[in-house]
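The chain below stands alone, shown as structure tokens; this is the form predicted alone.
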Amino acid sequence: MTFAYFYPMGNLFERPRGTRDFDTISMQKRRFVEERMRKTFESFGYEEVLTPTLENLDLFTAKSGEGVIGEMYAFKDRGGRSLALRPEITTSVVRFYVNELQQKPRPLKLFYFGNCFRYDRPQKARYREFWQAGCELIGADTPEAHAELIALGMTLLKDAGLKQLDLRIGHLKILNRMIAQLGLSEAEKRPLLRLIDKQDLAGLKKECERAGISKAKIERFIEFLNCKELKKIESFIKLDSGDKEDALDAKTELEKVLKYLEYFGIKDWKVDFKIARNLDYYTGLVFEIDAPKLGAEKQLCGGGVYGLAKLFGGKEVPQAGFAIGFDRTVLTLEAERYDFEAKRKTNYYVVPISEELVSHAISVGMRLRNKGEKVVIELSRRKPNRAFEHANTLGARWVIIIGKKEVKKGVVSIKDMLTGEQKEVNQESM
């Protein structure tokens, strides 16, 4: 008796659609990029956390509603519990914060790496399983702290080796003020926000016409969206009556953020009020970083100011953060012949004695960061004694004091936190 064995044509088992296998060379690249980013996060004083890939479904529907379920991998387990593979990580980190970290000294600077899942149509640079790098800043709400957050996003990508980056910055309170002038209902606003975020001004115009908005108002709104000069924004905000104070305050805040960005070495940016951030929880300052080489799917980083802690049962607290598309970053690095090189870093804590000395502290801190050192700059306006306490909490080896006397002499005072010794060092030698 003979036995015939039949083998199927092609692969017997294929990976699920929208997922990928990574060979050894790909993994070497990915691990190098991850390590480079991890060192940059740490150089800004951020610490790593890890949350579950699997979460309760209501964590994601609490803010975005039931409609988001169609975009997710959601299911019931054997116990009848509604679960989901996380579509992003910010929500998980905030849940973690509310449950276990609220008593920690603030601001909390947390970063993460992890895989996420969305039930989306796979295409170039867009997958159903994808990886994110990101961070959350919890407990700081000053323009200088938000400027450092944006600077961190740019520095992460630059330190990874990227050469071509476009930074765009906007503010949702200003955008919302202009949308309010259109006189739309909440239901009518949603499709507009999606079109704005996609930069689809032709589609936006048609949607406004469909909603019965006058031609003059439509043209004025599109002119606002295309405006790149903050000086002109105030005239748009004041165009008609209504509550405009929030938008005017937001303009002032944005001006301060842009000013502080220069001290962090970030001088190339564009004001862009077409950043609508389709994630419902963003509330204020928003920004995006693009890689022009990726074409239509060029966005590498997106983030801003948000508020989720109270929704999840925690105390209201300032929150901001961003996420980086790790896969897209690697794709861009490959196109730009990415160079991997680890950097040695040390731990400094820079303390400005007063608000007017913040810019000097930023300059000293950034000079050290550019040398590969790990640096935390005091940006929450703590008094010196509280700043020293916080430096101890972070385990800082050296504290650099920036006072009026030091600035006048062109020096900084450095205290060794292990020995207690303090000495003056020429600022230019840092």
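Note that residue numbering begins at 1 and tracks the sequence as displayed. Small disclaimer: the values here were computed from a predicted structure and weren't measured. Just so we're on the same page, rigid core means the largest C-alpha set that superposes within 1.5 Å between forms.
Note that the form predicted in complex with a further copy of the same chain isn't included here; everything after this is about it.
Looking at a further copy of the same chain in the predicted complex, residues G183, G203 and F273 place no heavy atom within 4.5 Å of it. Proximity of K409 to a further copy of the same chain in the predicted complex falls outside the 4.5 Å heavy atom cutoff. Although the partner is absent here, G314 lies within 4.5 Å of a further copy of the same chain in the predicted complex, judged by heavy atoms. Taking the partner from the other structure, a further copy of the same chain in the predicted complex has a heavy atom within 4.5 Å of a heavy atom of V358. Proximity of T51 to a further copy of the same chain in the predicted complex falls within the 4.5 Å heavy atom cutoff.
Residue-level contacts in the predicted complex: of Y127, F96, W269, Y282, one residue has a heavy atom within 4.5 Å of a further copy of the same chain, and it is F96. Distance criterion of 4.5 Å from any heavy atom to a further copy of the same chain in the predicted complex singles out M72 from the list L230, M72, A211, L248.
With a further copy of the same chain left out of view, the stretch that reaches within 4.5 Å of it through heavy atoms in the predicted complex is, among 213 to 221, 78 to 86, 293 to 301, 161 to 169, 78 to 86.
Residues are counted as partner-facing when one of their heavy atoms sits within 4.5 Å of a further copy of the same chain in the predicted complex; in 117 to 148 these are F117, Y119, R128, E129, W131, L137, G139, A140, T142, P143, E144, A145, E148, in sequence order. Once both forms are overlaid on the rigid core, the distance between the two CA positions of T393 between this form and the one not shown is 2 angstroms or more. Core-superposed comparison between this form and the one not shown: the Cα of V376 travels 2 Å or more. After superposing the rigid core, the Cα of R30 is displaced by less than 2 Å between this form and the one not shown. Relative to the shown form, the Cα atoms of A396 and F32 move together by 3 Å or more in the predicted complex.
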